[in-house]
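Heads up, the chain shows up twice below as C-alpha cells, two forms, tagged structure 1 and structure 2.
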Structure 1
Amino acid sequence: MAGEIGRKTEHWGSRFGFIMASVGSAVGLGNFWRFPYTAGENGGGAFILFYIICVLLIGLPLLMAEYAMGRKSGMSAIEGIQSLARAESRSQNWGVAGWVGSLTSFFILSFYMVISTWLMAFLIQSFGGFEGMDAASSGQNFVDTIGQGEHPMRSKWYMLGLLAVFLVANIIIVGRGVKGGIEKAATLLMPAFFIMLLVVVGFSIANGDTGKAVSFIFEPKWEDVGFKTFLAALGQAFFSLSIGVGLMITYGAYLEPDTNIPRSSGLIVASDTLVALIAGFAIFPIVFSAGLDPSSGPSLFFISMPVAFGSIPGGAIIAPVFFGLALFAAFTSSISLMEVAVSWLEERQGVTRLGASIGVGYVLFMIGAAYVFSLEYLDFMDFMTEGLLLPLGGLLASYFAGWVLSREMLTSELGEGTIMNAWRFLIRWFVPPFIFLILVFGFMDKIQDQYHVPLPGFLTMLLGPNWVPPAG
C-alpha cells in the first residue's frame, strides 16, 4: 500500500530548461509534414490566420490551465486533479480526467516510438545515400525496412533492436530525473534541433522550388475557406501543443513559484507555431522541385523524401541532417510522454524513478514488439488516441479547470486582473465547446476513414467528402 502522497520536491533548474523541455514536447513530426500540407489544402494563408486565432483562444488558455493545475497541486496529472478536487470539496471521480490524459499519453508513446525506430533506420540508410531511387523502389525500400517485405523476419529483428536502443535512451534520460535528465537533454537537443532546422531550411530554399512552396502554404485561397477550414485549424491548434494528455500538468508540478505561467505559456505557443510555419520550407521546396506529391502524409518522410534527396545536388549530405532533425523532434516528445507515467508511478507506488522508467520501458517494448509484428495494432491505436481519447482528455481538463475549480484556486498561479479575467472567460465559454466540436467531428471522420462508415448527409455537406482532421 502506497504511503501518503506529497508534492514534488524536484524543480526545473532554470526557466530556459523548462521552456526547452516544453517546446520539445510540443514540437513533433506533425509540425513537419502535417501543418504545411493542412495549410495548403485548406486555404493557405487564410487557414494560417484561423490557426493563429485558434491557438490564442483555445490552445493557449488550456496550456495555461494545465500548468496552473500542475503547480497548484505539485503532483502528476492523476493525483494532481484528485488533490484539487478534494481541496474544492468535489468528487474524487474527477480523477478520470487525469486518467484519460495519462493513458492517452502512454498509448500515443506506444506507437510514436515505433515511428521513431523507422526514423532511426532511415537515418542509418541516409549515410549511404538514396541515389537512383524512384517512387517504386523507395516504396519497396520502406516496406522492406519496416519488416513487411521479402525478408520480413530479418527486418523485424532489426527494428526490434532499434526499438530497444530508442527505449533505453528514453529510460536513461527520464530515469535521471527532471533537472538532471529531461531538462539537461532538452537544453542540449533543442538548440541543436533549431540549428539543424535552419540548415535544412536554408538548403531547401537554395535548391528547391521555393516559389511554389510559398504559394502552396501561404497564399490566401479564400475560395477554399469554409466550415472545414475552421475545424482543421481548430484541430491543428489543439493537437500541436501536447495538451490534453496530462503532460503539461505533470511539467507544471515541477515549476518554481516565481515562474510566470502566462508569459512562459506564450513563449511555448509562439515557438511551436514558429516551427510549424517554417517547417514547410524544410520539406516542400524540395518536394515540389522533385515533382513529388505534397499530400502523401507520413509517407512523405519515408518514400518521397528519399527520392527527392537522391535526385538533387547535395542531397546525400543533407539527408542525414534531415532525418536526424526528425529523430530529435520525436525523441524530445517521447521523453516527455514517458515522464507522465513515470511521475505517477514514482509518487503513487513508491518506486524509484529509475525503477519506474525501466518498468514503463519494458511494457512499452512489449507493446512496440506487437506493433512491429502487426501494423494493424498501430492503426487501431492511432484511431483511438487521435479520434477519441486525446480530445476527450482535453475536454475533461478544460471543463474541470473552468467549471469545477473556483477562480480563487488558480489566482495564485495566474495572477489577478486582465489576464485572469480573459483566461477565465475563455476556459469556461470557448475552450470546452470547441474541443467538443473536435471530438464529435474528428471521431466521426475517423470512423468513416477507418471503417468506411458513411457520414450523415449534413456532415458530408459541412466537411466535404475528402476532409481529414489534423494530427499533432
Structure 2
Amino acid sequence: MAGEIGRKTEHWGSRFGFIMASVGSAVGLGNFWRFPYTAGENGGGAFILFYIICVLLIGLPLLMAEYAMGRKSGMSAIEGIQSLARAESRSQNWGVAGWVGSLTSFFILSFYMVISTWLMAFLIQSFGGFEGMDAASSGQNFVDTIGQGEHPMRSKWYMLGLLAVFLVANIIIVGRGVKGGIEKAATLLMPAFFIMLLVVVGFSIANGDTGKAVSFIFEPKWEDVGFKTFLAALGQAFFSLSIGVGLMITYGAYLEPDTNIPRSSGLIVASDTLVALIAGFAIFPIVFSAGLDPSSGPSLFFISMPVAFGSIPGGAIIAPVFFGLALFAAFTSSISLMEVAVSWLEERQGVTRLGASIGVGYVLFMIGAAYVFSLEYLDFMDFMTEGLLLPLGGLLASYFAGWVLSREMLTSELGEGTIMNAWRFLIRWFVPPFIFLILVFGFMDKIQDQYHVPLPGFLTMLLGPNWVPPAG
C-alpha cells in the first residue's frame, strides 16, 4: 500500500542553515545543565571518557543513519521508516521506532520547558544581581520551594506566566515552518550563542579555580564507575546529540542531495561535544572557586551559578550573559523537540502546522500547570527518557538501519568506500549489541540503586562490586 504522504518538497535554505539548525538542536540544556551534574555524579573524568566513546562509536553512526534514512525516504520518522521498510519488502511495524521517538520527544519537552522556565527566571533575576546570595538563601531555596510555588520572589503564577511566554515563542517559531521558522531562529541565535560562550568561558577561566576544574574534568574516579556509568554516558550522548527520537530523520528529509552526510554529521557531533566540554570550563571553575560541590545533582546549575556570580567580582555583569546564552541554547533545542510532535500531527491528522503547534503547546502548558514544577516529575521523566526510551529508540533505529536495510539502500546517501564500510560495521555489529547490553545491565543497576529492588543472584554476580545489597 502506498502511503498518502509524499516526499517533502521543502529544503533547507542553505547548508549553513542546516548545520545551525542541527547544532542548535544538539546544543542545549544537555550541554549546560545536564552534562556537568551527570559527570559530577558518575566519576568525573571517567564519565567523560565513556561519554566520548559513546559519542564517537554510537552517536556518530546513529546520527549518520538518521540523516541517511531521512534523505533517502524524504519523509519524517514514522512514514520514512515505513517507506524504507516497504522498499525492502519488510514489515510496516518498523514504524514503531518512529512512534517511540515521537512520544519520547514529547516527554522530554515536558520537563525541558520547565528547566527553560527556571532559566528565564534566573535571567530576569540576574539583571538585579545575585550579590550576597549563599547556597542556603538563593538557588537551594529556589529549587526547594519552586515545586510548591512558595519561593518568596517567584510565585507559582509568575512561573506559569514565564512558561506561557516560552511556549508561545516555541509555537510561533515552529508554526512558521522548518525553513522560515526553525532554520531562521537557529541561524540568528547560534552565532550569538557562540560569541557569548567564549566571553563567559574567558571570564570563568580568568576568575575561577581553573586548576581544580581541569583535574575534575580529566581525573577519572574509577570507584564511582559501574554499569550505570555507561548507561548515564549513553543516555547523555543520545540526549545531547538529539538522536534516538527520529528528529534527525525529519531534518534529513529536508536535505539537498549534494550535502555530504558523513562530513556534516562529524561537524555536528564535534561541535556538540566541544560545547559540552567548554561549558564544563564555564561552570566548574566558578563552582569550585565558590567552594561548592560539583555532584549536587540537577540543581547544580541553579544553585551554584547564582551563588558564584554573587561572590565573584564582575559576576553581576557576566551573569546575564551566562543565563542568556543558556536560554538561547535551550530555545533552539526546544523548537526541535516540538517539531517532532508537530510534524507528526501535521502529516497524519491533516491539521495546519500552526494549528498543530498551538495544540502541542496547549497540552504542554496543561502538563506544566498540573505538576507545577514538581521535582519528582522531572526526576521520573528524566530517568524514563534518558535511561530507557532514548536508548530503546536508538536500538530500534540502528538495528533497522543495519540489519533491515540493505547496503545498497543507503549508498546513495553515505557513499561507497571506507566510510561506508566503517559505518556499516559499527551500525550492525557494535551499536545494537552495545546499546542492548548497556540498557539491560545499566537499567537494573540503576533500578536497584534508586529504589533498592533486590536483584536475582546471578545478576548480582554480573553487576559486580558496585552492587550494594538493599538495606533491610
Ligand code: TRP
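Take the two forms, superpose them, and find the largest set of C-alpha atoms that agree within 1.5 Å; that set is the rigid core. In this text the structure is predicted, and so the values were computed from the model without any measurement. When a residue number appears, read it as a position in the sequence of structure 1, where counting begins at 1.
By the stated condition, namely the form predicted on its own, the first structure is the one that fits. Core-aligned CA deviation for residue 61 between structures 1 and 2: less than 2 Å. Residue displacement note: residue 221 has its CA displaced by at least 2 Å between structures 1 and 2 (rigid core superposed).
Core-aligned CA deviation for residue 404 between structures 1 and 2: less than 2 Å. At residue 380, the distance the Cα travels between structures 1 and 2 is 2.5 Å after the core is superposed.
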